[in-house]
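A lone chain, given as structure tokens: the form predicted on its own.
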Amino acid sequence: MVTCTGCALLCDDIEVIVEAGRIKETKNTCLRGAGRIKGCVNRLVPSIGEQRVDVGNCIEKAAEILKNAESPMLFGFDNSTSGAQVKAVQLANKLDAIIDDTSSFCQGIMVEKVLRQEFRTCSLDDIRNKADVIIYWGSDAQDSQPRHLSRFSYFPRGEERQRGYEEDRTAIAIDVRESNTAKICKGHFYRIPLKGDRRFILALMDALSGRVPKFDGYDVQKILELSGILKKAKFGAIFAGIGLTYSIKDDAGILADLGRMLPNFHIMPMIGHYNMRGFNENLFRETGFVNSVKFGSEPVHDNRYSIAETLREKSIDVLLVAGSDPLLSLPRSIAKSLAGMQVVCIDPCVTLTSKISAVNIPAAVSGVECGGTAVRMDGKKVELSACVESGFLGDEEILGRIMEAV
């Protein structure tokens, strides 16, 4: 059995069939996981500029570029092992650099509230064993994390939920559209207007307090129906998706307010990248912040140190990217700033960002070609082990060698 690094569920029941040193087949994986485990279609090669060189030369050149930078930034690491993330934080500290990950434009605000214990939370195993009411809010888990419902939430039999979804569980979807997850929720789909999550929460809090909910244009009876279900729950879970996070990002505390009115409910951010939670925890342990940190005499957190703002303001001159593709994931108006700076890319695969990088350093696929640890979306530490040998260095070793050279 191996652990899948296709997403932050880190499913540990995956069977891999290896023949002649290559993965021939996987069992129990979703399509996303199978793609991750079987590896790249187009493998990154070590290069400086357009010239192919050996990895050692690439590492030396990367160190030289970072050492001579006036305002360097390190970005990514959500698809890196926890050991590599620790090395990245240490390297950023040594360089007085900025460090950030994708959570600065997705779930970072929610994870930080979990780490600061502003949300009541629990483990995925608790949900599988105990939960009778499950809410997917702004999340289409059936598409983004296909084994979420089947392995941890709605479908499985749990220790206290032996009859499973047929009798023992109620699944609810709250979203702006009827997603594939919503279609599974047996009539418990609550469609809300775009960016209407805050108003819906306020109306739901009114209903929970015994007041008539106020939400212009919305069926009051639906809100009262939902509040009735939530009040009766013995163990509830709210999976906060990116849709909810974007909608209430300026007032995320309102979700904590709702949680305080529902003492039997637990809140868990829906995280995509397999070790984003690990990065957030490692940086939080070192600095007290989960992303967007500038090192110096003391670490400083500010939105202007996020990847989006640094590129928008063109406030950095060198970017080291590991396990991420900002040229693909960021808006073109922001990402085009990458063309005017030196980029160092560490990745197993060819990406859009690697195509414009000054230095490319190929890395082993973690959980497939190298081991380590990662943190599941609920905070559980998970061991990763290699199932094939590739000869590529792991990202932890690459970052360690760069740090020694700067």
Partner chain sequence: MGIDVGKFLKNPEYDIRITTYRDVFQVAALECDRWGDEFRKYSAAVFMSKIDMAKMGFKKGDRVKVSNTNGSIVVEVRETKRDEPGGIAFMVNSPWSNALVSGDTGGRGIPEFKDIRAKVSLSKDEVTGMEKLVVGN
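Please read all numbers here as calculations on a predicted model, not as lab measurements. Positions refer to the first chain, counted from 1.
Separately, the form predicted together with its partner chain exists; it is not shown, and the next lines address it.
Of the candidate stretches 256 to 264, 69 to 77, 309 to 317, 227 to 235, only 309 to 317 has residues whose heavy atoms lie within 4.5 Å of its partner chain in the predicted bound form. In the predicted bound form, its partner chain stays beyond 4.5 Å of every heavy atom belonging to residue 376. Mapping the unseen interface onto this chain, residue 129 falls outside it, with no heavy atom inside 4.5 Å of its partner chain in the predicted bound form. The shortest heavy atom separation between residue 358 and its partner chain in the predicted bound form exceeds 4.5 Å. At a distance threshold of 4.5 angstroms between non-hydrogen atoms, residue 331 is in contact with its partner chain in the predicted bound form. The partner is absent here; in the predicted bound form, the one residue of 216, 250, 298, 167 having a heavy atom within 4.5 Å of its partner chain is 250.
Distance criterion of 4.5 Å from any heavy atom to its partner chain in the predicted bound form singles out 105 from the list 105, 190, 289, 200. For the three marked residues, 18, 51 and 369, no heavy atom of any sits within 4.5 Å of its partner chain in the predicted bound form. Taking a 4.5 Å heavy atom cutoff to its partner chain in the predicted bound form, the contacting residues in 13 to 41 are 31, 32, 35, 36, 39, 40, 41.
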